[in-house]
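Here we start with a single chain on its own, the form predicted alone, put down as structure tokens.
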Amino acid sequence: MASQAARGGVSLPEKRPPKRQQPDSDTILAKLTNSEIVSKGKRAACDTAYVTKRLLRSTGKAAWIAGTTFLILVVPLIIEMDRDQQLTELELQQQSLLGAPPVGAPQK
């Protein structure tokens, strides 16, 4: 390493052995993390996330199907009903201009 430092390289300090820590089974945090209640909670959270993800995906698919079905089937029906209503109003207007009694009016 000394030869690398002379050529312009960077010399790093020697690695120290890690400080000795308490075994994981002795700490309170480790005991809580490895407890059965926490593992059941983690499992329940994972299951909930999975179900929510699947539900959102299927809801999106259902919304797409409903939206396209509405556009293909219902919108043309609404347009046709509007045209029919406009035609009926036009006919009533023309009859009133010509002096004919309106359709549905009682005759004397």
Partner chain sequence: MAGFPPPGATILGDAAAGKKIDEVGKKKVDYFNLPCPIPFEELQREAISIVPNLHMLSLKPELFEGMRFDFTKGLNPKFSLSHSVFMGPMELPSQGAETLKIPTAHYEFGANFIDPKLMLIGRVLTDGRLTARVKCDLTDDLSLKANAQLSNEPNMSHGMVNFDYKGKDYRTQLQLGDGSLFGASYIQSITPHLSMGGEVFWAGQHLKSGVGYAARYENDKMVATGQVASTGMVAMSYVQKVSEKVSLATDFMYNYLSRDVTASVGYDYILRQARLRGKLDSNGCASAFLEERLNMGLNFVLSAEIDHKKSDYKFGFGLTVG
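Positions refer to the first chain, counted from 1. Keep in mind that this is a model prediction, so the values were computed, not measured.
Just so it is clear, the following notes concern the form predicted in complex with its partner chain, a form of the same protein that is not shown.
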| property | result |
| --- | --- |
| Residue 56, heavy atom within 4.5 angstroms of its partner chain in the predicted complex | no |
| Contact flag, residue 80 vs its partner chain in the predicted complex, heavy atom cut 4.5 Å | yes |
| Touches its partner chain in the predicted complex: residue 72 (any heavy atom, 4.5 Å) | yes |
| Its partner chain contact in the predicted complex: residue 68, any heavy atom under 4.5 Å | yes |
